[in-house]
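This document contains two forms of one protein chain, each encoded as structure tokens and listed individually as structure 1 and structure 2.
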Structure 1
């Protein structure tokens, strides 16, 4: 048998149903905050991602040549595509622009818990501002989304300009290299790398910073805190977001400019980051247009793993019919479907076999239609739980189903 490719998953109806529920919730919140959905192609020119992150990431991309010889890749993330859309068609729109997306992305990596080769990200991008107001809004939105799902994450924020200033005398490239080491918490390499480039006590100070984690006030005691970070912290208080300042968060990416943040959650093993984001200026990388932005991406699959809200799929009404009345049964099903999901027998089964089927799929109700019912212009509705059975006409049936629906909404 043909297996599914490594690192991919099949989602069966039950799981798909809960995924949709969660997705809907996230959408709803994004829209309430004034973010509008955007969708981009599943594949893009390879260049879009190599310009952003360098050639080395090709290792982790699904790339191929199309029949015209173009270098194409499956998207590994959504920030670059959204920036491309902005530059292609929206660069003269009133700012700020607020977008959200829910998209499958692809990375050729070793699968493990919470990491797949095809995975889903739910993210937002706020294009046009790098003010603390924008950072705070985006962080608060991420917080709100997780909160609505009952997830209490560990949110850590930082301002890269603090570290960059300490490294001010190094070249941009060297700075990025150090930030990468810091992101990986490889402090030995940092010490090694900086030896000779900085005073020994300066290096010590830097490493102390990187290890710091605590409140904004405490951070102020050991470092020159940027105005942006100060403002951001004040705003987050107003948004009622729980956070800590972690001067060691670096997010290994060259184009992050100022505020960065990550959210971690329990119960995920090694891959415990469920959200990452910050302010960036990717438009500058692709063009001469200046568009400071801020955004985040939620790891949708990891979120699904944590919030095990098993929503139950509502079962359709099973319309059971006898041999002689199949056409009438179909007409009836069509009418009821305007109000309620209905399935009919397509196996050519006997009445008792149809009943057995209804029972085995856990149907709540069975509607029985046969010659007897047709003659009396009635329908037989059986409650499969209680076993009670009533004869009613079509209008009464619809009323009953309406009432049933209301009960369900109340649940």
Structure 2
């Protein structure tokens, strides 16, 4: 028997129904905030990702040569592809541009709880501004999305300029290396790397910063807080977003330029980060165009693990019919599907076998259609939960299904 590839998953109907409902909720919120959906190819030229992250990232990617000999990779994230679209198609458009996306991404890494080789992200990119107003908007949007799903997040914010100022005498490449270590919380490696490049008291001061987490006021007591971070904190208060300043948030990706943030959630074990983002200027990496931007990505699979608002798939009405009225049953099913999901027998089963099938799939209602019912211009509706059975006409059936639909919406 052929198994699915390691690090991937199959989603059965019940789970897919719930995933789609939650996806719809996130889309609705993004569009209310003025963001429009964007979609990019599942695979891109490898250069799109090595230009910003270096050749070392290739080990983490699904790469291959196409039949033309070109180096191609399955997308590992969406920020670079969205920036490419901006540069290819929209660089002359009025700014800022507000996009959202829902996409599957791929990374070749060891599968573990909360980490898969194929995973889904829901994210937004605001292209054209990395000011405090822009950062506050995308952070508040991420917060609103999680809040709408009943997820209480632990939001932590930082401004990388604070750490970069402490590392100011190092080269850009050395700074990026230190920030990647900080992102991984590998502080011993930070100390070892900086030994000989900084005084011991300077290293100690840097590590004190990295270990700080608290209020904006407390952060100001141990570090010179940037004007951007000060303004951001004020704006988040207006948005009624709960946050803390964590000077150890570094994100680990070279293209982040200023404000960065992460949101953590309970119930996910070690892999509890559910959102990450910040300000960047990838357009300058790929071109000479200056387009400061900001955005975030939500880990959709992690959301699904802890989301309280799982949707229950609607059970279809099963239309049971005798052999003599199969054509009439098809016409009837087509009309009822305007109001409710309907399935009919396609196996040539007997009436009793059709009833057993309806019971086995958990059908809420069974509609029985036979010659006797058609002669009386009535339909027999059986509630499979209560066992109650009534004769009704077609108009009464539609009214009943309308009421059932309204009750489900209210629930």
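Positions refer to the first chain, counted from 1. All figures in this text were calculated on a predicted structure; none of them were measured in a lab. We call the rigid core whatever largest set of C-alpha positions still superposes within 1.5 Å between the two forms.
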**Label of the structure corresponding to the form predicted together with the RNA** = 1
**Request:** Kindly check if the Cα atom of residue 216 is displaced 2 angstroms or more between structures 1 and 2 relative to the superposed rigid core.
**Result:** no
**Asked** With the core lined up, does the C-alpha of residue 374 move 2 Å or more between structures 1 and 2?
**Response** yes
**Asked** residue 72: with the rigid core matched between structures 1 and 2, does its Cα shift 2 Å or more?
**Response** no
**Asked** Once the two forms are fitted on their rigid core, how many angstrom does the CA of residue 339 move between structures 1 and 2?
**Response** 2.8
